[in-house]
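Two versions of one and the same chain are coming, encoded as structure tokens; call them structure 1 and structure 2.
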Structure 1
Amino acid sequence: MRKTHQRRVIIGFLAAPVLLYTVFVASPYVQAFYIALTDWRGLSAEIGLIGLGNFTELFGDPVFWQALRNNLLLLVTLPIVTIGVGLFLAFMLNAAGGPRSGEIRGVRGAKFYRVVYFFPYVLSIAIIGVLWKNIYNPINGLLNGALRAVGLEEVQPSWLGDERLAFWAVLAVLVWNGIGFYVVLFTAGIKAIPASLLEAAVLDGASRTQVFFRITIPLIWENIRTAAVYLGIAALDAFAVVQIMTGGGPNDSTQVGSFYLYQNAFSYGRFGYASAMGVVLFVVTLALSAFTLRATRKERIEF
């Protein structure tokens, strides 16, 4: 009797979310797979089936490959750079100051830096994009102004206008934007390391570098992996920053999958083609996730 009642309650609670999820998340997915097989241009309710035509075109589309390449490059560089710098800063803020009055601390002024590093994360992504677009402005921008101020009048790169630089300029903004959050994340990890461990290491004569690589990193490995997941997501997206700062340009050198998909759907009116792109990105993401799941099994360190 009690069991049926329980079941009723559970079903009652679950039904609404499941229904909402089906209508607003699952069914559009299924539809996307269908639309990918059509030449739908987004206006009429009549849809013409064209089989796998969109996919054939997609695999021969150099811009799409460029976009995928950029996404993969981001997927490698963004986590490495952000985690690397984030870890370094977190370590400096929390454990690099050496023991003072018997306690492990960060460098002088650590509290101040912690707040400063977090600033960019508080800003909305749209503001960040516009802000950096102005900083990168080759003629009136802060960056080239600074170069001029130190006597480098001849070195005035056209940051977002140069095919060789634009991608890295965008990457720098993504790193700048994210770093504060990861410093906080790693700080939490470092704080959770028992002080006795660090003190023992220092007493045994370990240098800062040794403490960092032998003690800190292994003990906050969980946080680092979490960070890698989040950054991986950010790298496969990167839509907002690209849309605001470069529009995929110059000459598609900063194109990413999500933005190219958006362009095809909403600028070129090719919803069928864009859906096909969505399906391919879906498969790519799925494959990458499955791969990482397998590749990163590792036992946990207890302390």
Structure 2
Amino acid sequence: MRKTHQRRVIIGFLAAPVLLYTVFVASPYVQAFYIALTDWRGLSAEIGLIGLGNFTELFGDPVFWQALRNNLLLLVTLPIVTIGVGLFLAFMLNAAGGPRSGEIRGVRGAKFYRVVYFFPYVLSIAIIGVLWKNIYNPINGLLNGALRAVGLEEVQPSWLGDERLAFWAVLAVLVWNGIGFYVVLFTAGIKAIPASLLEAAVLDGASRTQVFFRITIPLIWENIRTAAVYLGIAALDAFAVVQIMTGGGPNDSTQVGSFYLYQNAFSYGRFGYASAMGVVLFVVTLALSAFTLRATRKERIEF
């Protein structure tokens, strides 16, 4: 009787969330697979089945392949740079200050730096896009103004207007925006390491570099795996920053799959084609997430 009552309570609490998730999340995913097989224009009541026609056209679309190449390049660079910088900053803020009064501490002013590093993460992505678009402005932007101030008047790049620089300028913004979250994530992992381990290593003559690579990283590997998955998903998105800062240009040099999907659906009225693109991106994201988790799997270290 008691178990039956508990089961009813659990079902009662889960029913509404599961229903909402099914209607607003799972159902659109399923519908996308069907719409991908049609020529639906979005506003028309008529839907014609065209089989794999959208996929055939998609795999021959040079803009889609350019967008996918950019996503894959982000997939490699964004996690490496963000995790690398995040690990370094988290270690400096929590364990690089050396032992004082028998404790391992971060560098002086660590609390202030934590606030500074995390601040960009709390800003709206729209604000970040507009802010950096103005910073990159080649005429009156802060970046080129700083170059002029130090006597580099001849070095005035068109950051978002140059095909060679635009992608890397967008990447820098993505790293700047997300670094605070990953500093907090890695800080939580470092704080969970018993201080006695770090202190014993220091007393045994281990350098900061050895403590970082041989103790800290192995013991927070689960945090690093989590960050790699999050950043992999972010790399396959990057929609908002690209839309606000570059619109996919110049000459599709910053085009990404999510924004090209949006353009086809809401600018060109090709919802069937956009759905086919969404299905491909869904499969790619799922496969890469599974691969990342499998490739980074290690035996858990207990402490």
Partner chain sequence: MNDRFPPSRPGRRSVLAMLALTPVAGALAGCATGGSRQSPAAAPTGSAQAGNPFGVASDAPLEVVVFDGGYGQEYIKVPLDLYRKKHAAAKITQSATQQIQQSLQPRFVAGNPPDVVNNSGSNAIDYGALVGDKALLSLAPLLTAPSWSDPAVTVGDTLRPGVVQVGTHDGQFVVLNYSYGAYGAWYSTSLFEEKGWTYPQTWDDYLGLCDKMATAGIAPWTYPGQFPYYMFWWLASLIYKAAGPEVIDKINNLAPDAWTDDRAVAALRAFEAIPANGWVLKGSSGLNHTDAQMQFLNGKAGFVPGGSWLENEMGDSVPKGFDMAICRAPSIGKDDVKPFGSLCAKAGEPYVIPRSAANTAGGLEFLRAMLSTEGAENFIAKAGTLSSNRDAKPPKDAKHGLTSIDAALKEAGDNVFGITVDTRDSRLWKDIANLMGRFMNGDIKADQLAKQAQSLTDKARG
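Numbering for residues begins at 1 and runs along the sequence of structure 1. Just so you know, these numbers come straight off a predicted model, no measurement behind them. For clarity, a rigid core is taken as the largest C-alpha set superposing within 1.5 Å between two forms.
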property	result
Either 1 or 2, the form predicted in complex with its partner chain	1
Residue 26 C-alpha relocation of at least 2 Å between structure 1 and structure 2, rigid core basis	yes
Domain reorientation between structure 1 and structure 2, expressed as the smaller rigid part's turn in degrees	8
Cα displacement of residue 290 between structure 1 and structure 2, once the rigid core is superposed (Å)	3.4
